[in-house]
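Consider the single chain below, provided in structure tokens and representing the form predicted on its own.
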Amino acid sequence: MKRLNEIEWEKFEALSLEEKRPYLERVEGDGMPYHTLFAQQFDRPVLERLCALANRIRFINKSKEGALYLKGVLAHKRAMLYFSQPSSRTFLSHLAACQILGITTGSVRDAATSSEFKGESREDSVRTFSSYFDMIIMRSPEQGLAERMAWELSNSSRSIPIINAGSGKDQHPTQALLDIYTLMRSFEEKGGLDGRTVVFCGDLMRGRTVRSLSYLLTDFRNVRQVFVAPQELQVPADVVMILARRGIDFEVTDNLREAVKSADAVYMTRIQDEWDSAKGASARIDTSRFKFGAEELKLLKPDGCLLHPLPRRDEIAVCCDRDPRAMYWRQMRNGMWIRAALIAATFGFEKDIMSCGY
């Protein structure tokens, strides 16, 4: 097995994501990650194992006895939720996932409340967290920070796993896991996810959830991907290159209604104007044709589904909320279960939970 403490940072940073993966797996070599940093770490067998584990956890948790069992699984572990970027769902679902497994948590949600305010480096902050906790779940506006911190800890005297809960504009692997989990559950009694058409719409240029989910979908057979956005916000070239290299059937268009007609799933996103280089730049882009409402709902297949990573603005009309095909509220709750599965598997408790008597 390759280890992060066996390679210099500059050499590791220069590797492709596929080349980095072996350095991030658990010592057991079972394919599960030790550090979860990007979507490319998950192939289909690992995805299916995590989804099965999430299903098992949610089933066990239905009874009081089962819930008490789960709370004892990782009662000896502590996790730091280090969120230097605003978050509601991602923070709360990771917190709830830890609580389900009995993990004691601490949190920093604003660098101004930590010693970083006094000038402490992020490297020193993370080393401090590793002294008190057994896992760091981190979210940052800085691209690649989770990756750098994983390398730092792996080359320290106390290496603990890091889970990337959103890093800059590039990756959001645990969101992609809950998106895949939602899609697999949505189609599990309808022939599965293979052979489906998934439409992405909105700010595809800066939407890290789109980037991560698009890659995970390449692990499934004959899944066609359609990207619908204004030209200024269309899917970036590096995503297109990955799809082309892997022989994926995809389309880039600006016609949402036409795309919805053939869609099995529609994944809407908001405009990511927090990344604007100039104030108000996104507001000058005409996004009026990239919203999902009653007319689009009429075009969606009867067994289709509508997803959104949330928060939303006006890109999905509230009239869609009560339609059974609207999955974004279930999608949000699914995040708690799949993140609990990832945390349990990271600590090596997949087999214990899958084989328990509850």
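As the structure is a computational prediction, the values presented were derived from the model and not from experiment. Start at 1 and count along the sequence shown; that's the residue number.
The same protein also has a form predicted in complex with ligand NCD, omitted here; what follows describes it.
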**Request:** Classify T90 as contacting or not contacting ligand NCD in the predicted complex by the rule of any non-hydrogen atom within 4.5 angstroms, answering yes or no.
**Result:** yes
**Prompt:** Contact between P309 and ligand NCD in the predicted complex at 4.5 Å, heavy atoms?
**Reply:** yes
**Message:** Taking ligand NCD as it sits in the predicted complex, is S212 near enough to touch it, meaning that at least one heavy atom pair lies within 4.5 angstroms?
**Reply:** no
**Item:** R270 within 4.5 Å of ligand NCD in the predicted complex, heavy atoms
**Value:** yes
**Request:** Would you point out which of 228-236, 171-179, 252-260, 122-130 contains residues with a non-hydrogen atom within 4.5 Å of ligand NCD in the predicted complex?
**Result:** 171-179
